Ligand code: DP6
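Next comes just one chain, in structure tokens: the form predicted on its own.
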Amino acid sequence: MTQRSSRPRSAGYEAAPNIALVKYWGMRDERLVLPNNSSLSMTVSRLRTRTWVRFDPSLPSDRLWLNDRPAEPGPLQGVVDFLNLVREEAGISLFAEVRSLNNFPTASGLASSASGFAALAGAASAAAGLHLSPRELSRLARRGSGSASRSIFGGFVEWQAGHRTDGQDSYARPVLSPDHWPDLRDVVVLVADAPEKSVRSARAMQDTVRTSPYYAERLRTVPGRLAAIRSALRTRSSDRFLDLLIEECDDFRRVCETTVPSLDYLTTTSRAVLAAVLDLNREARHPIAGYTHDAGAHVHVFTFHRHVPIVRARLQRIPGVADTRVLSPGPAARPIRRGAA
């Protein structure tokens, strides 16, 4: 049950992005952000969003600073709509100043909206005097961005699609801790000149629901694949996990690219990365790497600590690869102080 404090204040929160190992793509209720299928993700280390919220009676409207710059109207409106949910729950009417910083590229397929709204949910609710449980925070974060529900938790996380029309049973829950598979690594391949998304994922996925001839088939097969990947994670079955990861990513990409108009998030460099992973596995004669990507050009290549040098060296030779970052399973969202480093 939500608890309230009598006095609004300032608060800060940080959250990490997550990479979906099994994607959600399509909503049964756009207003409440209720997905058509459950999803499974890994919260990552090193990347983070830090957000501070201050409710102030002197403010004439809500303000948003994103990476030390005034936000464009689109992102600002998304934050205003989210703050309205918090204000309604807390029973306050004050406007807020929001300052948010990412230490990674924004709106390019690295789940900045996931970490952004998870951090905003934590900071805004605390600043408004609410004391939310992690499950309640997950439900709240979902209203800003579906994948943000998963970034409340660390390690491996499942977002349950739920069945209720009010969305109360649609929230994320931790499945495995960050230290469950100590040598698992996510080599994030940052593609040079990766374009920002011209169509928000929330709108793009509904286009897929309406127009892709493969979408119904995907909905039938996703639950089984999610269960299989969850099992492979639990048992640390590396070959099975990497094969399933590629299978799920290819299936997700197929429904995107058969959407009308087509959703082609990858660049020539991105596709060369996917091909290099398959080449590495053929050369090794068993899977040593697996790829996935979200709605953007950057690619996540999963492998294991012992294989990172050979995988990273191969990927860095691809023309158009700007950088690679090696990530591990990361922590849950948490409160921070304004001056925290």
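Predicted model, so just to flag it, every value in this text is computed and none were measured. Don't overthink the numbering: it's just position in the shown sequence, from 1.
We do not show the form predicted together with this ligand, though everything after this point is about it.
Does this ligand get within 4.5 angstroms of any non-hydrogen atom of Gly146 in the predicted bound form?
-> Yes, Gly146 sits close enough to this ligand in the predicted bound form that at least one of its heavy atoms falls within 4.5 Å.
Applying a 4.5 Å heavy atom distance criterion, does Tyr13 contact this ligand in the predicted bound form?
-> Looking in the predicted bound form, residue contacts with this ligand do not include Tyr13, since no heavy atom lies within 4.5 Å.
With heavy atoms only and a cut-off of 4.5 Å, decide whether Met205 touches this ligand in the predicted bound form.
-> Because a heavy atom of Met205 falls inside 4.5 Å of this ligand in the predicted bound form, the answer is yes.
Contact flag, Ala333 vs this ligand in the predicted bound form, heavy atom cut 4.5 Å = No.
In the predicted bound form, which of 43-51, 269-277, 291-299, 308-316 comes within 4.5 Å of this ligand (heavy atoms)?
-> In short, 291-299.
Name the single residue among Ser113, Ser125, Ser170, Ser212 that comes within 4.5 Å of this ligand in the predicted bound form, judging by heavy atoms.
-> The option sitting close enough to the partner is Ser113.
Taking 4.5 Å between heavy atoms as the contact cutoff, choose which of Phe104, Trp181, Phe95, Phe252 touches this ligand in the predicted bound form.
-> Of the listed residues, the single hit is Phe252.
Could you list which residues of 148-175 come within 4.5 Å of this ligand in the predicted bound form, counting heavy atoms only?
-> Only Arg150 sits within 4.5 Å of the partner.
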